[in-house]
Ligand SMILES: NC(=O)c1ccc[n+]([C@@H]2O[C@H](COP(=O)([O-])OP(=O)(O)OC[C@H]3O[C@@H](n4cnc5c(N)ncnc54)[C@H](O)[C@@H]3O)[C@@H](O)[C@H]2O)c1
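Coming up is one lone chain in structure tokens, specifically the form predicted alone.
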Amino acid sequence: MSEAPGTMMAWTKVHDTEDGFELIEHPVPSPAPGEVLVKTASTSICGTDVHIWLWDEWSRDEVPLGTITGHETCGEVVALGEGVSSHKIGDQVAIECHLACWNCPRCDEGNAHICENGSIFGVHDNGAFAPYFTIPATNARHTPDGLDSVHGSIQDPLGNAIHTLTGGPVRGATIAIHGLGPIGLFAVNAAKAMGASKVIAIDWDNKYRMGLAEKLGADLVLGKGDNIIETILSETDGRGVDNTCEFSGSPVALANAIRSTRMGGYLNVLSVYGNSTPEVPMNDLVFRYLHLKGINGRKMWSTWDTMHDLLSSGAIDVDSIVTHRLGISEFQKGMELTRSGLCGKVVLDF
């Protein structure tokens, strides 16, 4: 640990209020057995971070005050805990934020992302809005030498998009993407790269992101001036899409998604709803015989394999989706920018 200082300044959720963050001093952590110490290169801002900033019902229940947040991140391994042989000093890594026990029925069946004893790095435990962090070596996924750190820090949200898409058919399928935040934009791009026959992108009135969706290959972009259900049905011969992905966290979008997915189709939901009990048109869900699936994180590790194949082939237009890169000192500006929606992905560099 000779390269690391004794203390560091990190953005920390300290007040029981909206915003409530301060830049405060913490000890630089030491890696426990099986862990690595990572020097942060870049950490991007996630919609989950915005929920924590807003301090809504979900975040108040999940995030202990005093937590260093931030989980979409990458960096360089600078120290190894006892027993770590999979990594060496200097390795470049991207982080899987779901921390699993690897010893419960969910882990055994290949669903470590919903481990019964799991937690989320940067939500339940200290994360990466800090210059150093520790993480189990298993969660530190190697990236190619020389890869721009922006491509490292966005692998969490890109993986979310791919996991959500692959909850239903993709190649040759008609797909609707509800919600054009950064994950939705990655989903538009990935769906086209993975061979979808038609991609319909839906937002409310964020013209900036709707324009990005068109640039990223969406065949049709819809907003508040459109009859969403009627238009999707019209574009799919009256059937509805094969595969719907709901990223917005809007109850209205969820209802639209249910009513515009074909009979026997797939509805995959990756959203954090500010109100955990949104109104849902259950009769439509039942009589349309939909496959409804909640999506949480990335499959460990099949999603990462698919993602790395797409990144390696240049199929994902990361540079168009990452619209702003700021220094970590501009954390609060980055949060406000993300909240405004006048951006794609915002990445904070160290």
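In case it trips you up, residue 1 is the first one in the sequence shown, and so on. Keep in mind it's a predicted model, so treat the numbers as computed, not measured.
Just so it is clear, the following notes concern the form predicted together with this ligand, a form of the same protein that is not shown.
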- Item | Contact label in the predicted bound form: Gly75 to this ligand, heavy atom within 4.5 Å | no
- Query: Do Gln155 and this ligand share at least one heavy atom pair within 4.5 Å in the predicted bound form?
  - Reply: no
- Item | Contact label in the predicted bound form: Met300 to this ligand, heavy atom within 4.5 Å | no
- Message: Since only the chain is shown here, I'm wondering whether Asn296 would be in contact with this ligand in the predicted bound form (any heavy atom pair within 4.5 Å).
- Response: yes
- Please name which of the stretches 167-175, 265-273, 75-83, 192-200 has residues with heavy atoms lying within 4.5 Å of this ligand in the predicted bound form. 265-273
- May I ask whether Pro31, Ile135 and Thr138 each come within 4.5 Å of this ligand in the predicted bound form, counting any non-hydrogen atom? no
- Message: Quick check on this chain: which one of Asp205, Glu116, Glu230, Asp108 has a heavy atom within 4.5 Å of this ligand in the predicted bound form?
- Response: Asp205
- Note on the structure: Exactly one of Leu147, Val252, Cys101, Ile89 comes within 4.5 Å of this ligand in the predicted bound form through a heavy atom, and that residue is Val252
- Note on the structure: In sequence order, the residues of 209-241 that place a heavy atom within 4.5 Å of this ligand in the predicted bound form are Arg209
